[in-house]
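Let's start with one chain on its own, the form predicted on its own, as structure tokens.
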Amino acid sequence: MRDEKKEICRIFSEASHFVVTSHQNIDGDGLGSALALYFLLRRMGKRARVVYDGRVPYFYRFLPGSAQVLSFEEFSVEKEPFEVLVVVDCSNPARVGRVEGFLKEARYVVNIDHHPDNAFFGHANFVVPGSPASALLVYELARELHIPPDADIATSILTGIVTDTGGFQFAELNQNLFAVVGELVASGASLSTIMYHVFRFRRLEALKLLSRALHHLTFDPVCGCASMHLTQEDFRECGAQEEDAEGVVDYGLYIPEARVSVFFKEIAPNTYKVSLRSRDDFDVLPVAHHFGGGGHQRAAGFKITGPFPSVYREVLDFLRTTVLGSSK
């Protein structure tokens, strides 16, 4: 069996021009992993650009290199040739938006991810579902390449770890992970700065939006399902952007009896992004798959269209059946 990690290191060593990207609605793991790779490749003397089909959320702009992230339009104007497309923290190439077209232009596609439903779409696929974050896989690649992390790489990797573990709430800070975090902090990453921006740095409009979502909060004690929603009208009246809804879904699990939290976010008329979060004993990934989405066992999502009452009823009915069925 081919060692995918070594194959990626070979590609990194032999090629010269790279584009690094991640999924739309980017989170700290996607952006942190992409920026860490950007700095890693530059340390190797390579030409690298981070291209993202979207806007970097304001609470991640503290990250070194975030100002150099190019939009799809900006990179398309440059039309700079590249050999390798590196896709990080993305289970399916359709999730990178318009950047998906770059797959046909690249000599090599490198897929680095930790989602259990990854489609293995790369020429080289370093996919480890058991990893707490894709950023940890970037850390492993840096070690394989014998490149010690500097402050920029360390900050980017640690942001990915902090984000996808929910500040170490969703993964045990065991001896191995603790050693990695210790090395990253010793290399110049500030854990307190990262925690502040990831979890506590929010605009007034975001807090107003959270208030609306909590006003809509309902809870079914029979199945332990908490649910919230936000309409486009909520966003307009709060003066909020889509990124201001980051983390809203987590509040449903603050209820001690909650097993799963579901959050409906209207992104266009009668079009909803649905986010799912759960406790350790319930797997939400099959629910997301049922509706054409994906993600992780404890954090997943999908899109659905239709009038809100029917969409809400369809998703909650399926969730109740699934949750109660898992309890038998």
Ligand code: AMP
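All values derive from a computational prediction rather than experimental measurement. Residue numbers here begin at 1 and follow the sequence given.
We do not show the form predicted together with this ligand, though everything after this point is about it.
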{"item": "In the predicted bound form, the residue from Pro57, Gly54, Gly294, Pro64 that sits within 4.5 Å of this ligand by heavy atoms", "value": "Gly294"}
{"item": "Contact residue in the predicted bound form, from Leu41, Val260, Ala300, Val69 (heavy atom within 4.5 Å of this ligand)", "value": "Ala300"}
{"item": "Whether Arg10, Lys46 and His123 all lie within 4.5 angstroms of this ligand in the predicted bound form by heavy atom", "value": "no"}
{"item": "Arg95: touches this ligand in the predicted bound form, heavy atom cutoff 4.5 angstroms", "value": "yes"}
{"item": "Proximity of Ser275 to this ligand in the predicted bound form, heavy atoms at 4.5 Å", "value": "yes"}
{"item": "Interface residues of 107-135 toward this ligand, as seen in the predicted bound form [heavy atoms, 4.5 Å]", "value": "His115"}
